[in-house]
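Here's a solo chain for you in structure tokens, the form predicted alone.
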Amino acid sequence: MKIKAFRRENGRYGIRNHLLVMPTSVCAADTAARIAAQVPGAVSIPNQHGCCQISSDLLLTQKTIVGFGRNANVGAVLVVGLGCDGIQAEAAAAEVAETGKPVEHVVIQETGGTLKTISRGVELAASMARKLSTQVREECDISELIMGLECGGSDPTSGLASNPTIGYASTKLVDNGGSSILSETTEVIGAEHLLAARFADPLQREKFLRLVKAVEDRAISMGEDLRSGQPTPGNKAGGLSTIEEKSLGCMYKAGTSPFTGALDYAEEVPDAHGLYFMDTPGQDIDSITGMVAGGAQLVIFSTGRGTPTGCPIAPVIKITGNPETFEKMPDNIDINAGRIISEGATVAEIGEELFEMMIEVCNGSMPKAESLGHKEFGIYKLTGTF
């Protein structure tokens, strides 16, 4: 099974050809955004961190933004730093450059301030944009695709219709040699024993269970109960009553494939293709950001209540299992899996429809979130900023 994508210097393929203007910290974010605004085709990310963070929290931010730069959907990168921030632009650029893609960096305190940095940044970015514009899509195998699986604003129809449909498509992708990522650690609590049984590698199974327990322990250490935030008020209004009920519906997105491995937040997906679990929060934006930083080029997002969420560098396909939501939010929802409930359609029928749309999006067509310019971005934080 073939798709058409952009071949990168390291042999990977991207289904988009973005020029990423990447701020290393919140202090450089506005300058980066102004540079991207002046170069057609460039996109920036609103990084709100990168300074005055400590140890593992700072490293997590660096891993996440570097992961965005390394993602195969990005053809070239301009790194923008302030100079005294926690993440140094030159070091971040060097990590992205390991992929072989074109990378440049500018530092505001060394370039002469905001205006001179914007001028120099636009000069560099425009040059890279011209080179990217000459690239054409090449035929490649669908096994090159890494797909992120997300759900948000869930209701009971998510577990009954849209999540099983995503699971069908995920299993078909993995059967064809591709990779999928199930995420949202808080939303597998109560169902973790069912997922753990699908890990063939005992070490990876132990890692998965350790990741789940760490989230529970972290909440307890803070004197909090995860049930105070899960299910969310919207989930409850939609009909979900417990975190376990939500988890049992969420896990259907994983389909029936065995798990190949468990990943930390924003950890790069290995060359060994298959189904992975990634440790992310249940919060949709942070979760998608982690999977895309890990290499996902495409995200499939099920929503019962409806959400407009997108991503700066990866197209996001929206599917709902609620026919009323599909009627109420035609601007945002791509596929109505509610026909499984209201019209007797089968999971396989809607699953094939979703898979066909995945192929079209890989080849360049835009799902609704992408066509509306939704570029939500958020990095998971382990602790407060000091």
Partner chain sequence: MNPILHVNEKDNMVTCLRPVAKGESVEVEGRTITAAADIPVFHKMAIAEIKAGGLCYKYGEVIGDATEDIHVGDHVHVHNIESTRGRGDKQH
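These numbers come from a predicted model, not from an experiment. Residue numbers count along the first chain shown, from 1.
Although not depicted, the form predicted in complex with the partner chain is the subject of the following passage.
- The partner is absent here, but in the predicted bound form a heavy atom of 156, alone among 178, 261, 156, 153, sits within 4.5 Å of the partner chain.
- This chain is displayed alone, yet in the predicted bound form one of 268, 216, 141, 110 has a heavy atom within 4.5 Å of the partner chain; that residue is 216.
- By the criterion of a heavy atom within 4.5 Å, residue 26 is excluded from the residues contacting the partner chain in the predicted bound form.
- In the predicted bound form, residue 220 approaches the partner chain with a heavy atom inside 4.5 Å.
- Although the partner is absent from this view, residue 119 stays clear of the partner chain in the predicted bound form, with no non-hydrogen atom inside 4.5 angstroms.
- The closest non-hydrogen atom of residue 242 lies within 4.5 Å of the partner chain in the predicted bound form.
- Looking at the partner chain in the predicted bound form, residues 313, 372 and 375 place no heavy atom within 4.5 Å of it.
- Only one of 76-84, 142-150, 280-288, 193-201 lies within 4.5 Å of the partner chain in the predicted bound form by heavy atoms, and it is 193-201.
- If you take 327-344 and check each residue for a heavy atom within 4.5 Å of the partner chain in the predicted bound form, you get 341, 342, in sequence order.
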